[in-house]
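Coming up is one lone chain in structure tokens, specifically the form predicted alone.
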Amino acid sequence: MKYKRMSRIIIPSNIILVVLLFSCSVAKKNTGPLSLKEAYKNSFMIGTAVNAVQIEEKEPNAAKIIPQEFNALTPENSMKCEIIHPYWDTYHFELADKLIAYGNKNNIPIMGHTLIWHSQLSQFVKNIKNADSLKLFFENHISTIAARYDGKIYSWDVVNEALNEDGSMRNSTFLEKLGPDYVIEAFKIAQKAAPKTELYYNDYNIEQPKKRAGAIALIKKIQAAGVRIDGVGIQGHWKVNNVPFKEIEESIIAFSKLGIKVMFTELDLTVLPNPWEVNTADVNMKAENNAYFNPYPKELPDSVQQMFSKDYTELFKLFQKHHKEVFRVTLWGLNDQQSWLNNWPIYGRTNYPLLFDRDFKPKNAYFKVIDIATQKK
């Protein structure tokens, strides 16, 4: 068989250059995930807390970053009692409804926060003296809000921060007037009002042994009562260079043995000095300001930045190690400017606790966190 000799085709050098550049560009785009949610899509959900400005899409940078990076959203304040239920017979659903619409628009599940919490209560609740009246508020508040958003949100933090540091029940108005079983009752009401919604208990420091034991006992008590509880949220308000990695891992294992989902719901790492010896995230605690407690008003030193990146890296290594038990990791805020830690426990400080800086630029820690997910297992 004879073959015809093909004529030599000469390709201009400028076309070759274009092809090479295009190939390099495609190769670069395919080298790894481009976002947090993409990086961890096979491990756990990645969430952030959103404020009113972000819900209403008045912040262009946030409007771009949120749907790009996250696949779970928690309202920072818009579903708390003082916002959504300001008076006995008055509910303000406007902002919460906008959050639902925002989630639908961007195909991002909403995690409700929170139905029962002793803080950020409306003034009328604080003024209730009668146990029967508080019980009526309790039932109406949970039923009305949970039922309205059933099937529209993914989950509820049904009860938030009901425990002391030693694992005993916090002496709140709910404990005083409704008794120690108020937590069980809250879950029972929520279960009836929101059968399509997952129900969680949420608290800070429950990775610590004593408080963890109290949380485990509380969850077992709910389960023993035949009431549904689907998960537990460990808040994760920790300090750089002092993250309790051992206790965190022990807690993931211990809580998962209860047959519920384990989540890290309010993650941030403060870089500022604590005015007290005790580690707490109690929003009602305040301290006086002075220069010692605000050491980085302009920028964060490289040495602290490195510790910050290292701790976030080690945390996500731990989360990734236990990706079969950890269901979600939510950062408590989108960028450093938004963080509640700028004003707690001392007003007006400059903190740097999140993965995006004040200009919405990703930090080195952000890239380190993504690297963890892309490493071969």
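Here the structure is a predicted model, which is why all the values come from computation and not from measurement. From 1 onward, residues are counted along the sequence shown.
Missing here is the form predicted in complex with a small molecule; even so, the following discussion is about that form.
Exactly one of the stretches 148-156, 248-256, 93-101, 281-289 approaches the small molecule in the model of the complex with heavy atoms within 4.5 Å, and it is 281-289. Although the partner is absent here, residue 85 is not a contact residue: none of its heavy atoms lies within 4.5 angstroms of the small molecule in the model of the complex. For residue 205, no non-hydrogen atom is located within 4.5 Å of the small molecule in the model of the complex, even though that partner is not displayed. Among heavy atoms of residue 80, some come within 4.5 Å of the small molecule in the model of the complex. The small molecule in the model of the complex is not approached by residue 133, whose heavy atoms all lie more than 4.5 angstroms from it. Proximity to the small molecule in the model of the complex, defined as a heavy atom within 4.5 Å, holds among 264, 117, 182, 238 only for 117.
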